[in-house]
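Just the one chain here, the form predicted on its own, laid out as structure tokens.
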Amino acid sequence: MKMKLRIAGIKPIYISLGMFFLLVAVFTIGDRTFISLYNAQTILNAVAILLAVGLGQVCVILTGGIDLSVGSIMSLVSVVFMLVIGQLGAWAYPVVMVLGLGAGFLNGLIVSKLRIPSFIATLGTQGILISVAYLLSASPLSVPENSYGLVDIINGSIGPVKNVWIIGLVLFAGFFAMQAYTRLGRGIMYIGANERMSYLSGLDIDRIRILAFTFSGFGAAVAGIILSATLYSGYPSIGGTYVLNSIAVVVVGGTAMTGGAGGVLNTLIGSLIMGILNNGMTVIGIDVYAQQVFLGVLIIVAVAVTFDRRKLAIIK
């Protein structure tokens, strides 16, 4: 049942790897400082955030859905994290992770039980969550004076290895193991590949879809924690750009928007590509508005390459 998309005999993941090396070469030629140690660290810091939110998003996209609420979850988590860390100390970390899990679980319930398309459902919860964030604090929040040490758990390092990189790798390993070695991971793939056959095979589609959205909420929560800890701040619009970025890292890595093909490894490659692209365009001096043009074109091309048109009789 597992589907393999090929373009002219080449798997999308190989196209993504080729894009990765091409971007590194182009930006290195454009500016030699691109391959400096400092810039590499900057890229990896950004990749850790992209990877966290992308790993959650890919679980939903693999089922054939989409989660537009990840940016709002990141924003809400960042605000709550800054509000409670002074009182709760280290317990603030599990509290905001549970908040992300709860938001994702709510998305899954709405999509599965109310039979509302994921695009509409998560568009609605996106508005609700961002409004809650603004109600809690309409202005940016700083780290409480007694909590810098706790926040620096994220910003610290073990030797030359940054803690955010370790968090990203641990998260990747967990999601990869789930996809590759568990019935849940296989179920997510099967639903995206052929939902009707999955139902006839006895899979609990509602349960799997709810868990996929729950994982998406968790990934967004981790990304929100890392982002707010890195900036030493939390505010309601902090996750605004990550809705598009979370989709970009998934599809640029070679995962099909129609579901059932791609996965966690593709998302890791997509995160590296997006981290390099965003950083490289800034390093060589491309205007910030022009960067959005490149990003939009890249997403359209990536979707065109991986989109399985056999699943849709009509392109809406």
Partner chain sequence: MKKTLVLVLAVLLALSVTTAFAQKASGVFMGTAIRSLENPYHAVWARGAQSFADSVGGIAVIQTCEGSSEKQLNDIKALIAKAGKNAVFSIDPNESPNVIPIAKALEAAGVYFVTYWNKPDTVKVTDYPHWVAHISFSGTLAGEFMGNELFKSMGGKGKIVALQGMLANTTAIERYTGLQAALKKAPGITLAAVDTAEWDRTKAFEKMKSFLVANPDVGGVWAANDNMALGALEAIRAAGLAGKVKVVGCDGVDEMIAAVKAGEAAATVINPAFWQGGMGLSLALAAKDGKINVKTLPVEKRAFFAKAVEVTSANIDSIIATYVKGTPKYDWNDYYGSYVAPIK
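Here the structure is a predicted model, which is why all the values come from computation and not from measurement. Residue numbers count along the first chain shown, from 1. We call the rigid core the largest set of C-alpha positions that still match within 1.5 Å between the two forms.
The following text describes the form predicted in complex with the partner chain, which does not appear among the structures shown.
Considering V77, A103, L227, I85, which brings a non-hydrogen atom within 4.5 Å of the partner chain in the predicted complex? Exactly one residue meets the criterion: L227.
Could you work out which of L231, I153, M97, L169 is the residue within 4.5 angstroms of the partner chain in the predicted complex, going by heavy atoms? None of the others qualify; the residue that does is L231.
Any chance I13 has a heavy atom within 4.5 Å of the partner chain in the predicted complex? Close contact is absent here: in the predicted complex, I13 is far from the partner chain, nothing within 4.5 Å, heavy atoms only.
4.5 Å heavy atom contact, L268 to the partner chain in the predicted complex: No, no contact at 4.5 Å.
T241 versus the partner chain, in the predicted complex: is there a non-hydrogen atom within 4.5 Å? Yes, T241 is a contact residue.
Taking the partner chain as it sits in the predicted complex, is I49 near enough to touch it, meaning that at least one heavy atom pair lies within 4.5 angstroms? I49: yes, in contact with the partner chain in the predicted complex.
Even though the chain is shown alone, can you say which residues of 124-158 have a heavy atom within 4.5 Å of the partner chain in the predicted complex? Heavy-atom contacts within 4.5 Å come from Y134, A138, S139, P140, L141, S142, E145, Y148, D152.
Using a rigid core superposition, assess whether N39 undergoes a CA shift of 2 Å or more between this form and the one not shown. It does not reach a 2 Å shift.
Following rigid core alignment, is the displacement of the V24 C-alpha between this form and the one not shown equal to or greater than 2 angstroms? No, its C-alpha moves less than 2 Å.
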